[in-house]
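The chain below stands alone and is given in structure tokens; this is the form predicted alone.
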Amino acid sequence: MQIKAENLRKEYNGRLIFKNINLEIGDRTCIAVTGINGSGKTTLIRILANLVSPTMGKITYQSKGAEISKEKIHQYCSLVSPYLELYQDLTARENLWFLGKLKKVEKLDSKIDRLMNRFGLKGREDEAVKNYSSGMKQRLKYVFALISDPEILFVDEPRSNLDDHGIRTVYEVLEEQKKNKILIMATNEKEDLKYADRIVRIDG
């Protein structure tokens, strides 16, 4: 996989968020986006994940040398973020089944069991998400993101709402992701930045 961003610029209501962002990201790479609050870290992550359009600039995605259309890139990537909302009235399993079927995940039941256990949520699969604590919801978001074995994993604020055990599990996941695939995260935490091969600083 490869992502190439050329001359990205983003404005909101006439206010410049950032400009002149150029990136080339390939497999076995971790990019960390950092900067002061309000500098546009989350916005850049959302643009790279094709959730928000840049005001100017171009992003191309390739797999094995062939370009992937923006309409299909969601089959290759996943996002973990504090602002990501799951279906609160559905159970964790129902949420995961919905996404798994959408992304055509094979052996879905076994993947759900394995990931729920890994993130300390075993036994809570059939409980409505609205009954989860904030920390449990955040761990579930990682399960949600990893269920499709994404080629590109976007993580905004990796440690958000997590206890020490949850943070250790997340760091294991970050290490695994960057070994063979692409990891792109937005963070200001020094511990998170240790996983980065390249740090992109946005001044805002």
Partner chain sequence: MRTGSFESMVDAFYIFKKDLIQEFKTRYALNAIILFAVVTLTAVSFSIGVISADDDILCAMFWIILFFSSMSGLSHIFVREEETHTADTLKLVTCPTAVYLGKLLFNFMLLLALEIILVPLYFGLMDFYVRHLPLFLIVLAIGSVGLAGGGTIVAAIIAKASSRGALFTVLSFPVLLPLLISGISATRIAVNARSFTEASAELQTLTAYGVVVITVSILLFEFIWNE
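These numbers were taken from a predicted model, which means no experiment stands behind them. Numbering follows the first chain given and starts at 1.
Keep in mind the form predicted in complex with its partner chain is missing from the figure; the text below concerns it.
Proximity of R46 to its partner chain in the predicted bound form falls within the 4.5 Å heavy atom cutoff. The closest non-hydrogen atom of K104 lies within 4.5 Å of its partner chain in the predicted bound form. Although the partner is absent here, D109 is not a contact residue: none of its heavy atoms lies within 4.5 angstroms of its partner chain in the predicted bound form. Although the partner is absent here, R124 is not a contact residue: none of its heavy atoms lies within 4.5 angstroms of its partner chain in the predicted bound form.
Three-residue candidate spot Q2, I17 and I21; no residue lies within 4.5 angstroms of its partner chain in the predicted bound form by any non-hydrogen atom. Contacts of stretch 74-104 with its partner chain in the predicted bound form, defined by any heavy atom lying within 4.5 Å, are made by H74, Q75, C77, L79, Y83, L84, E85, L86, Y87, D89, L90, T91, E94, W97, F98, L99, K101, L102, K103, K104, listed in sequence order.
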